[in-house]
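For reference, the chain that follows is the form predicted on its own, supplied as structure tokens.
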């Protein structure tokens, strides 16, 4: 067997890190952050506990990267530069894609919603969440401002609250929740 190249070693490291991230996501989503121990994550990933510390300095660091990855996925659909106005078509695209991401990442959103409700976690990561969401909030505020909507930030806050509520309700009953009908109503009310 020939020695591995640096590229192969980097790929192995990337795969191991992703394995840990996936296991952490599942454990934190099922058990909660405080009960989701590094031992449980290692067991879920089928690796040693020590290997986790090769990639992450502690449990908080692992959680932060899990959250960053999920929020970045959500924000990746939102490719509009912050200073440009979005069109109504872009707005519709963002809403539609947001619903697809919700449907396709139940573990992440179960974890996300449980975290934002926990005081200690919100204190740890609240500013981080807001920094990541600021470009989206600013662009959507400009969208409503350009439509001459009174108090555009309040509209963005309401849209965010409605989307969060839909996400929570959908996670509680994904098979029964009328997600597509709710999406149509949101588009009608908020575009």
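Numbering follows the first chain given and starts at 1. Keep in mind that what you see is a predicted model, and the values were worked out from it rather than measured. Between two forms, the rigid core is defined as the largest C-alpha subset superposing within 1.5 Å.
What comes next is about the form predicted in complex with the DNA, which is not displayed.
> Give a yes or no for residue 128: in the predicted bound form, does one of its heavy atoms lie within 4.5 Å of a heavy atom belonging to the DNA?
Contact check for residue 128: no, nothing within 4.5 Å of the DNA in the predicted bound form.
> In the predicted bound form, does residue 54 come within 4.5 Å of the DNA, counting heavy atoms only?
The answer is yes: residue 54 has a heavy atom within 4.5 Å of the DNA.
> Residue-level question: is residue 137 within 4.5 Å of the DNA in the predicted bound form, judged on heavy atoms?
Answer no; every heavy atom of residue 137 is more than 4.5 Å from the DNA in the predicted bound form.
> Test of understanding: in the predicted bound form, would residue 30 fall inside 4.5 Å of the DNA by heavy atoms?
The answer is no: residue 30 has no heavy atom within 4.5 Å of the DNA.
> Using heavy atoms only and a 4.5 Å cut-off, determine which of 38, 166, 156, 63 is in contact with the DNA in the predicted bound form.
Checking each option against the DNA in the predicted bound form, the one that comes within 4.5 Å is 38.
> If the cut-off is 4.5 angstroms on heavy atoms, which of these, 162, 132, 149, 47, is the one near the DNA in the predicted bound form?
Only one option qualifies, and that one is 47.
> Do any residues of 138-152 have a non-hydrogen atom within 4.5 angstroms of the DNA in the predicted bound form? If so, which ones, in sequence order?
Nothing in this stretch is in contact.
> Taking the rigid core as the reference frame, tell me whether residue 145 has a CA displacement of 2 angstroms or more between the shown form and the other one.
No; that C-alpha moves by less than 2 Å between the shown form and the other one.
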